[in-house]
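What follows is a single chain, given as structure tokens, in the form predicted alone.
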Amino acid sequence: MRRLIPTGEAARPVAFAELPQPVPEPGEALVKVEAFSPNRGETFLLEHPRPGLLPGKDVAGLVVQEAADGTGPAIGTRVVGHPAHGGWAEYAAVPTHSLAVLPDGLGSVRAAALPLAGITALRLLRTAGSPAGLRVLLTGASGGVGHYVTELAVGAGAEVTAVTATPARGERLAELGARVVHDVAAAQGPFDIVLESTGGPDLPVALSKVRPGGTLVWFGQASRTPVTLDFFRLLGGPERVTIRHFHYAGAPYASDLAALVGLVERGRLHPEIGRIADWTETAKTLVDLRERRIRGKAVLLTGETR
């Protein structure tokens, strides 16, 4: 079976290898992977890969072996899954608690773009609370998470300001109903909720734009630059602001995946896919994703898709 494994090389972070087909545990189904979607955070893990790392968390395809414990979908069912690892391969063993069945109208390409970014968006908005009628600032908005958060928040009645590096990266966000700016300092607050994902010098600026009693949810550090907060500057800023740390992870994922599938099926969520390519282009795609040359999600195809 062909699988992509880390090389440790910046210019070519993965390469093909022939490895045995995975043997599912009792609570896992074997999925023939038709499409997978890498995430920018995974590109960082590939810079100095730990021994035995088998990357890949977002997959869509066909169940070819049911879980031995009788849980999960039957053979021949089309699914989207979020395994802990091992998805960049012809076959992946996926826990049934992290699988959702796909309807006929939702193909593998769009489905593969859903798991990590979509689950993050759902859980992020739950953490922040209902955005209906509130002013929301979203930094680092042009990736997969940002597009999902924007569409969901606007659909729930929020007034969203999205920060992107360039006008081109903000075009789709504007179409979804966000006001787009290209510097956090240009965002016109105050905001009830700030969803901050870039870190570095942007977080203190974003924090200064929270209304008194508002909330900043810190869910990433895409700049890869640590944050420095000045206590005395905070004293002169908005009072009683809450800073919350957020990380999406925590199985089971099936119910959130099913919710995302339902939203797409009803036309309430539209995956923003900036690149679709054969998985022979994975190494180049990973570099472009790391360097922010792709808007939204990238999806790689292992062969024939449905």
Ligand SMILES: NC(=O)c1ccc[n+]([C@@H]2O[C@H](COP(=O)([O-])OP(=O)(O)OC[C@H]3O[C@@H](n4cnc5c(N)ncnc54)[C@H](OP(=O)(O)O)[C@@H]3O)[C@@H](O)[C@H]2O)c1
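Residue numbers run from 1 along the displayed sequence. The structure displayed is predicted, hence computed values, not measured ones.
Separately, the form predicted together with the named molecule exists; it is not shown, and the next lines address it.
Can you pick the stretch from 232-240, 100-108, 76-84, 163-171 whose heavy atoms fall within 4.5 Å of the named molecule in the model of the complex? Partner-contacting stretch among the options: 163-171.
May I ask you to state whether Asp202 is within 4.5 Å of the named molecule in the model of the complex, using heavy atom distances?
Contact check for Asp202: yes, within 4.5 Å of the named molecule in the model of the complex.
- Message: Contact with the named molecule in the model of the complex for Phe219, defined as at least one heavy atom pair within 4.5 Å: yes or no?
- Response: Output for Phe219 is yes: heavy atoms within 4.5 Å of the named molecule.
Answer yes if any heavy atom of Arg12 is within 4.5 Å of a heavy atom of the named molecule in the model of the complex; otherwise answer no. Residue-level check for Arg12: no, no contact with the named molecule.
ask   = Does His247 reach the named molecule in the model of the complex, with heavy atoms at most 4.5 Å apart?
value = Within the cut-off, so yes.
Within 4.5 Å, heavy atoms only, which of Thr127, Ser208, Thr198, Thr96 is in contact with the named molecule in the model of the complex? Residue within 4.5 Å of the partner: Thr198.
Residues from 133-158 in contact with the named molecule (non-hydrogen atom within 4.5 Å) in the model of the complex: Result: Gly140, Ala141, Ser142, Gly143, Gly144, Val145, Gly146.
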